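Quick setup: one chain, the form predicted on its own, written in structure tokens, and binding and motion questions come after.
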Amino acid sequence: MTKKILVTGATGTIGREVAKCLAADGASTRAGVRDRTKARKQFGDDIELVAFAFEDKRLFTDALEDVEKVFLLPPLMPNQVEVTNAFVDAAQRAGVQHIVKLSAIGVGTETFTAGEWHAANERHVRNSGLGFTFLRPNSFMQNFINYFPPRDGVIYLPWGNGKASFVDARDIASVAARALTNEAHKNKIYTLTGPAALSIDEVARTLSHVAGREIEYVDVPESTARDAMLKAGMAEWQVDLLMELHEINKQSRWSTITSDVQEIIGKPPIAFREFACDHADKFR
């Protein structure tokens, strides 16, 4: 029987691309999803779907049946470490051999809440004895579509003049697919970045050029950003987590550029201008 690769978080920005990359490469792919009816519209008939949620351990057995490798994308919830570690334990019992975990840039070198959660889960994966690959990407270019898109021609962020080496989700997915299908990446850690560190002003100028309209950046005070997120209904724990990340980026602490993407997939990482052109309709 062909062993399968389980992709968790399969309908999200990264997981969806990972599942599609694996299927395109001919890998036996199973996508863990909350709603199979909705997910089927995204994936068509080429990818097996299974009901899955990190907070429901009853679903682990079926999701992990005949699975050899797992793409582990931890859920954003306050008990992330607890539920993710419980899943790793279930994977070990089920006979999984290799976990490719989506982590975060700065884990092990920076002190921030999300980083501590990822670090704890990385330690648990290591201690499980399973083969591992830890992917530590920088902020996604797709965040300018999903989380802080231009609103009425303005990007509002409390980043000052900070710069970050944004990485395209498609490159992260390509790296993950290689790691899941090539034993050479077992027990390795990769920091994934784009080819350049950009300020939000530079991002806005690129989007303006591509969209054919003026897009500007407004540096908002931290207190204003916090209040806006709370008024939008975000939980306080989540706001605290995001504000930590904003502060790190304001200080350009994640402006490092690595060669890991190119070395793994054999071509340069996608530049921000290419990303913007590919998604120009989102910015017009």
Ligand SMILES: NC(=O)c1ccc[n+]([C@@H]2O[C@H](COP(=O)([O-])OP(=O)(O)OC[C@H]3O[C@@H](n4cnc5c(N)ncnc54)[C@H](OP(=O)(O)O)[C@@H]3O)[C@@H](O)[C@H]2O)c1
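Start at 1 with the first residue shown and count on from there. All of these numbers come straight from a predicted model, not from anything done at the bench.
The discussion below concerns the form predicted in complex with this ligand, not included here.
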| query | finding |
| --- | --- |
| The single option of A104, A164, V96, V175 touching this ligand in the predicted bound form, heavy atom within 4.5 Å | A104 |
| Stretch in contact, per heavy atom within 4.5 angstroms of this ligand in the predicted bound form, of 54 to 62, 23 to 31, 255 to 263, 217 to 225 | 54 to 62 |
| Proximity of N143 to this ligand in the predicted bound form, heavy atoms at 4.5 Å | yes |
| Non-hydrogen atom contact S139 with this ligand in the predicted bound form at 4.5 angstroms | yes |
| A120, heavy atom within 4.5 angstroms of this ligand in the predicted bound form | no |
| In the predicted bound form, P269 touching this ligand (heavy atom, 4.5 Å) | no |
